[in-house]
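The data below hold one chain only, encoded as C-alpha cells and taken in the form predicted alone.
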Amino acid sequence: MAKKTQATWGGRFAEGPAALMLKFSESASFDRRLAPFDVAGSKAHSSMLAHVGLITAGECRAIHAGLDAILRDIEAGRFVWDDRLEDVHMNIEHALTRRVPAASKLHTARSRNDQVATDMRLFIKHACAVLGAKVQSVQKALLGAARRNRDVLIPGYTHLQRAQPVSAAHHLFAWLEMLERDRARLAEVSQKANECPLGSGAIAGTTLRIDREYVAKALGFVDSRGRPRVTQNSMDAVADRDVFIEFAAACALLGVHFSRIAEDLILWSSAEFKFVALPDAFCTGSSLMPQKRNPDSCELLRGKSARLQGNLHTLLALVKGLPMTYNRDLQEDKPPVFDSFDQSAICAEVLEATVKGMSFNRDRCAIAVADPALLATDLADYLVARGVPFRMAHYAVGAVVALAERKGCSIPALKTEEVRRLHAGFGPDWAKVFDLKRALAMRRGTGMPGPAQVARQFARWKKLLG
C-alpha cells in the first residue's frame, strides 16, 4: 500500500512510496552515525546563509540551538529515528523543523547530494586521524617490545627457510616501517578529503548568492595557511567517490600489513618455532583438546584483512559503471567505508595489546640463530674480500655446504684442507666467519641489522613516535 507523499520531495508525486520501497531504500539505519558531521555541516551552512543575508541572525541562532539539542538527544540515545524519512539528513531536518520554524529555510542552496558528500569528507578526515593515532600506538608497542628484547637474535627467513641472522629488534623495525607507510597514507587520504563540496547543490550549484569559502573555513576545510579549500566542479563534487575508495584502499593495505605481522607471530608462537609466547588474554583454547593454546587474535587479524579488501572491491565495483553525476547506487558507499574504519580500528587495538603481552623465548631464539648455515653468505663475502669473483665464491661455498651435509657435520667443523680442496681462496682463518657477533658487527650500512645501525634506528623511531 502506498504511503502519503514524502514531505521533503513529494510535491511532484500523487502518492508516496510503497512501504516495501521505504524499507528497501532507507539508509538511516547506517548513516545515522554521520549525525555529528551533519549537524556541523548544517551549522556552518546556516551561518553562511545568515552571513549573506538569506536568513536572519536570530533565525541562525535558533537553528544552531535546535541542532545542538538534537545532537545531545542523539548522543544520549533519546532521538527517535524514522526510517520513513530515509536518511540521517532528513531525520535531523524534520526533527529540527518541528522545534524551530526557521529550520524550513535551512535547506536553502543545498542538496542532499552535496550535503552527504560534505558529511562523508568530514567523517573520513576524522577517521584518518583516529586510525593514524591507533597505528602509532601499535608502533609504540612494537618499539617497546624491541627495546625489551634488544639483545635477542633470531634467524631471518626467505621462502620460510632460514636465511641470515638478524636481531629481533631489526625484525620488529621492519614492521614499524610498514606501519609508518600506513600512517603516511592515512594522512594523504585526509588531505584528499580536505576540500568542501557544500555549495555544489544537486549538480549545478545555485542561483542564490552564497559564500562557499565561508562554509569551508567554518568546517575546517583549509590548507596549512588557513585558506579555504573548496571543490572546483559542481558535477564532480557530488559524483566523486575517489576519496572513499582511497580510504578503503589505505585500510585494506593496513589490514594486509596487520595480517603479515600476525602470520609471523603465529609462526613464532608455534611449537616448531617457539620464539615467542603470546598473552593468554588474546589466545583461546580448544573445545576438545585441553592442551591447545590457539593464537586466535592473530588469526582473526589475518581474516579481517580479507574483509577490508572486500570493502575496497565493493566500492570499486559500485562506481565503475555510473554515469555523471549522483545516482542512488551511491547510497551503498557508506557501509563499506564505515566497516573499513571500524575493523581497522579494532584490529589496531588488538594487535597493540597482543604485542604488549608478548614475550620472547630467549633460549629457543639463541638455539635457532646458532645455526652456522645462516652465515654461509658471509663465507662467500670472505672469499670476495680475498679477490674471488662473487659467482665463483657463491659456487665454492655451495660446495662447502654440500660437503658438510654429506659428512653430517656443521660447516665450521670441516677441516681447512677439506675446504681448500674445494677452492684455494679459503685461508687458514676461514672459520672466523662463523662468529655471530662478528657477523652482525660487520653489518654497518644504513638499514642493516648490525648493533650500530640498530642503535641508530632506536633513536630514529623514538624521535618519530614521540
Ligand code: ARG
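Each residue number is its position in the shown sequence, starting from 1. Because the structure is predicted, anything quoted here is derived from the model rather than measured.
If you look for the form predicted together with arginine, you will not find it shown, but the lines that follow are about it.
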| property | result |
| --- | --- |
| All of 27, 116 and 328 with a heavy atom within 4.5 Å of arginine in the model of the complex | yes |
| Contact of residue 112 with arginine in the model of the complex (heavy atom, 4.5 Å) | yes |
| Distance check, residue 31 to arginine in the model of the complex, heavy atom within 4.5 Å | yes |
| Interface membership of residue 182, arginine in the model of the complex, 4.5 Å heavy atom rule | no |
| Residue 87 within 4.5 Å of arginine in the model of the complex, heavy atoms | yes |
| Stretch from 219 to 227, 331 to 339, 376 to 384, 289 to 297 whose residues place a heavy atom within 4.5 Å of arginine in the model of the complex | 331 to 339 |
